[in-house]
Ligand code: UGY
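The chain that follows stands alone, in the form predicted on its own, written as structure tokens.
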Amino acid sequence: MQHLGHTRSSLKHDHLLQTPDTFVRTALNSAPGVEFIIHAAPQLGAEFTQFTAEFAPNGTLAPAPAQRFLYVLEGELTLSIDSHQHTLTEGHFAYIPEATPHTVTAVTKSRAAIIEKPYELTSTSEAPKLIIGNQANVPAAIAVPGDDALRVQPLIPDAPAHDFAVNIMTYDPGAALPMVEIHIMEHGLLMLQGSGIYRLGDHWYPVQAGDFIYMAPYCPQWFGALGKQAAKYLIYKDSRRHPLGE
């Protein structure tokens, strides 16, 4: 169907809304049998890279050039690391420290969200450890005191060893952030479920499951959930590092 140039996608100086109708797939030499939608990268101004990886059966990821976080969106993957194999299905996630030999292989046709970032070691932090988990087993905390309609599940511990966080945020229908946030952290956000309205900078966007959002440092941001289904998204932010380095 001809859309005559129409899309909800939008690129501004401090944010990107990327909707599935504008996704372009690309192959990488280090990942046979995998196609990538590269959502955020240094070319955008981001200090991290975020992909959606689409695996054919037996498609394989080699080790990353940086620390890697992986969240399974659908299908089944095998993570091979330290002579052990870990089965990852929908909702499973893994944090793999920088310079850790490993492979990720698809058992079936699969999709995963992947975040990679060069690690910032400081004089007060130890190197982080491997993490493998399942979102279903991560306790949900109330994100805003007194408002149990907005919940957060931290998939990476808030600890000095980690220089970024990945959370799942869940909003019951009608729930919203209590303020417009403006801060130094940049975000990569993948809508997993539901829909709502996102304010990014001075622009307001309808968003829904499958959309990706990049927010640059200090981008004004706010979200409210719409519809009859809870809205849920996976969100990255850098954390715990001095802006001038150490």
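None of these values were measured; they are calculated from a predicted model. Residue positions are given as counts along the sequence shown, with the first one as 1.
Just so you know, the form predicted together with this ligand exists too; it's not on screen, but the next bit is about it.
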Quiz item: Does at least one non-hydrogen atom of residue 35 fall within 4.5 angstroms of this ligand in the model of the complex?
Solution: no
Practice problem: Answer with yes or no whether residue 39 is in contact with this ligand in the model of the complex, where contact means some heavy atom within 4.5 Å. | Solution: no
Practice problem: Verify the contact flag for residue 171: yes if a non-hydrogen atom of it lies within 4.5 Å of a non-hydrogen atom of this ligand in the model of the complex, no if not. | Solution: yes
Quiz prompt | Any non-hydrogen atom of residue 198 within 4.5 angstroms of this ligand in the model of the complex | solution = yes
Quiz item: When this ligand is placed as it is in the model of the complex, which of 171 to 179, 81 to 89, 132 to 140, 100 to 108 ends up with heavy atoms within 4.5 Å of it?
Solution: 171 to 179
Self-check item: Contact test, all of 12, 15 and 205, partner this ligand in the model of the complex, heavy atom 4.5 Å
Solution: no
Quiz item: Taking this ligand in the model of the complex, which residues along 215 to 234 bring a heavy atom to within 4.5 Å of it?
Solution: 215, 221, 233
